[in-house]
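Before any questions on how it binds or moves, here is one chain, the form predicted alone, in C-alpha cells.
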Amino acid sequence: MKRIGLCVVALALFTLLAAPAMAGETLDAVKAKGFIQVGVNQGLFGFGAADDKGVWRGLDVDTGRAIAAAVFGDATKVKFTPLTAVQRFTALQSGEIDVLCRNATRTLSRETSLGLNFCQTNYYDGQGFLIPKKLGVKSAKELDGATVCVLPGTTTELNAADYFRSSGMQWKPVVIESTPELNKAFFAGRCDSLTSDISQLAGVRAVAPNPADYMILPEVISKEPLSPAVRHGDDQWMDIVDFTVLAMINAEELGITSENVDEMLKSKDPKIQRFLGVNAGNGKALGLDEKFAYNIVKQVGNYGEVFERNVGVDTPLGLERGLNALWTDGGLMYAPPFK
C-alpha cells in the first residue's frame, strides 16, 4: 500500500509540474494584455520593414498578423519589435516577445541548446552572394580573397566560412550586427559581396540606389528553412503558431482566398466546412474560436496571396515561388489534414 501511495504522489507531482506546459500560459498572457508581441527584422524589405508611414509590411509581418487573427479574430492586435540577429533569440527566451517571425533558420542546435521550437516553415530559402555588377564576377567560385559583408550570430556566417574553406578560397569577413548598417556598408563599397539568404539579398537589392547595378550569383550554398519560433514548454502556443501558418497553406490548397472565403462558407465540401469552422472541432482543439482559419484568410489571405503581395514576381523582389510553391505544383508547401 505504501508503494502504491508513493506512486500516486509521484504521479500527482508529475501532473502538477507538467501542467504549466500544457495549460497554455502564453495564450493566457497574450489574451490578458490584448495583443501579440512579434519579433521581426530591423528592416528587410518584403519580409519585415516599416514603410514611410510607419506601417509594418512583409511576409513575416503578415505571419504575425495571421497569428493575431487566429487568437483574437483581429489581425491588428499585434505589436512588432525590430530585432538584430544577435538579439532575436534572447528576446524570445526572456519573454520580451511572444513569437519570433524574423527569417530565422531552423537548426538542430537552436531547437535544443537555445530552448526553442520552430514551427511550420513559411519560406524555404538558401544562402547566396550579392555583388555589384562592376566587379565582373559571374560565379561565387571567383570570390577568392574577397571582402564579404555578413551578419554575426547567424547560420550565414558559418555557412560562408565553410564554403570558402571547402572551396580552397580565402575571404575577409566584414561583420556588422545591424542589418541596415550592414547594407549601407555594402552599398558604400566596404565589401565586394554581401552574403545572406537569397530572399534577403533580393530585399536588399530592391532598395539599392540603383537595383540594376547589382546581381545575385547563381550558387546556392545552403538549405535555410525559415520558420517562426516559440519557446519550449508551451505546447498549445506552438500548435497555434504552427497551424496558423499551415492554415494559410491549406487555404491555398483548397482554393480559398480572402476574396471568396465568405462564399466558401456555403460549400458542401466537408473538408472546407471543417476548415472554416462551419463544422466545429478544430478551433476547440487549439483553444481558439471555431472560425480561426476563416479569420486568418479573410483578414490576411492564404499563403499564395501573402507571398505574391510581399515578395512575388510583381513586387520589387521579383521572386518565383520555387520551393515555396504548393506540393501539387512541385514545391514543398504541404498542409496536414485539418480534422
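Sequential numbering from 1, following the sequence displayed. None of these values were measured; they are calculated from a predicted model.
The form predicted together with a small molecule is left out here; the points below concern that form.
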{"query": "Triplet Lys77, Asn295 and Asn302 all within 4.5 Å of the small molecule in the predicted complex via a heavy atom", "finding": "no"}
{"query": "is_contact(Lys184, the small molecule) in the predicted complex, heavy atom dist at most 4.5 Å", "finding": "no"}
{"query": "Interface membership of His232, the small molecule in the predicted complex, 4.5 Å heavy atom rule", "finding": "no"}
{"query": "is_contact(Lys141, the small molecule) in the predicted complex, heavy atom dist at most 4.5 Å", "finding": "no"}
{"query": "The small molecule contact at Gly43 in the predicted complex, heavy atom, 4.5 Å", "finding": "yes"}
{"query": "The single option of Thr156, Gln236, Gln120, Asn117 touching the small molecule in the predicted complex, heavy atom within 4.5 Å", "finding": "Thr156"}
{"query": "Proximity to the small molecule in the predicted complex, single hit among Leu130, Leu226, Leu92, Leu246 (heavy atom within 4.5 Å)", "finding": "Leu226"}
{"query": "Contact segment among 192-200, 160-168, 205-213, 250-258, judged by heavy atoms lying within 4.5 Å of the small molecule in the predicted complex", "finding": "192-200"}
